[in-house]
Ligand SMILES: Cc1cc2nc3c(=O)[nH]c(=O)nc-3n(C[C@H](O)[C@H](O)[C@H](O)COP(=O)(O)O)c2cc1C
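Presented as structure tokens, the chain that follows is alone, the form predicted on its own.
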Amino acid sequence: MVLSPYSALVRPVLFRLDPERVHELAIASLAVAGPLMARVAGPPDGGGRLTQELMGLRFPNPVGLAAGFDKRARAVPAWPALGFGFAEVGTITAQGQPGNPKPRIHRLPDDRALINRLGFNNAGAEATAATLARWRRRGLLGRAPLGINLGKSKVTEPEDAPADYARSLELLWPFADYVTVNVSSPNTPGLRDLQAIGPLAGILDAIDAVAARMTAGRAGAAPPVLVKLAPDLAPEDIDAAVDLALERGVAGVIVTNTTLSREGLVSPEQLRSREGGLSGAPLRERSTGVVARVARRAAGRLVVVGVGGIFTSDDAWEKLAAGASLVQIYTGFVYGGPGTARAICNGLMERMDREGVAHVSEIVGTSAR
């Protein structure tokens, strides 16, 4: 395998530095360069062969940036320019919060993985809305769908979670092409308990109430809502979450967040034992299995977004074939560098040509047929 210049030359240098410092440097650089990048490049669409109309939105290609990378929406203009067909900012909480103590990101190069326990560090919904408003005034929104990933503020009690999510949505409503309800991060105490049907239904009730208020007497529909699930749910809990999503008219499910499992890792014990959620290659098979289960249960009635262990076009193809219509990357972007989204899109096109596939939608669910 021929390594890209990033993998051969740049990554070895960056991987000698603290992971969070590198992340902040990357975001700061893209925040400055993004506006210029956005004026000279956009997401590839394969001549329309990669483009899909889903949830009332046009996705130029199926490769998105997962939540967690751009927590403060500082680099929004850069993501379409780097080739992403959509991007999801956040996780954003109603109240700004610093997150967990550092160090809180760890690389596991032997496993092509990351462990993070960031804890929803973000500027808060009001500050993020102000940042997005500035991008809009400069004409730098709208080049690809933008998702807003919402989480619970750490200081908010579980019983008050619905109001917390609702407050964030009210502030960020004008900028959301879609909204993701994140109840699956392992790094906020008690958050995953909200995946249970009762608490999740309460949060969806609050979001529906916001949508009703915001759309009353106005033209236009509410942004579609998706729910992000953990890979560690029991099969029956996955089925129950899908059933609730169908019952409540949720548009889609994002599968999956990071895992608490350390099964199969080859990295040294001092790395494997770090607290936090594991992402990257070790999650690929597990998340693909959950994608397939969700897609079977939903039977085409939900948009499924596949996340976990996507580094190459073949990884993306696997998620699509399992039933995802869209995919998201995070760890694969860290390891693959700025050309990753375009490389995956190009690889998808090349394989489509080899296998006689006319449009990316034809891949979806093929492994279950």
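Residue indices: 1-based, along the sequence shown. As the structure is a computational prediction, the values presented were derived from the model and not from experiment.
The protein also exists as the form predicted together with the ligand; that form is not presented, and the subsequent description refers to it.
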Joint contact, Pro43, Pro80 and Val303 to the ligand in the model of the complex, by non-hydrogen atom at 4.5 Å: no
Partner-proximal stretch of 268-276, 157-165, 114-122, 242-250 relative to the ligand in the model of the complex, 4.5 angstroms, heavy atom: 114-122
Considering non-hydrogen atoms and a 4.5 Å limit, which listed residue (Ala67, Ala316, Ala341, Ala322) is close to the ligand in the model of the complex? Ala67
Scan Thr288, Thr128, Asn182, Thr93 and let me know which has any heavy atom within 4.5 Å of the ligand in the model of the complex. Asn182
Does the ligand get within 4.5 angstroms of any non-hydrogen atom of Leu283 in the model of the complex? yes
Contact between Gly34 and the ligand in the model of the complex at 4.5 Å, heavy atoms? no
Taking 4.5 angstroms as the cut-off for heavy atoms, does Ala230 touch the ligand in the model of the complex? no
Consider Ile329 of the chain shown here, and say whether it contacts the ligand in the model of the complex, taking contact as heavy atoms within 4.5 Å. yes
Need the contact residues for 242-272: heavy atom within 4.5 Å of the ligand in the model of the complex, sequence order, or none if there are none. Thr256, Asn257, Thr258
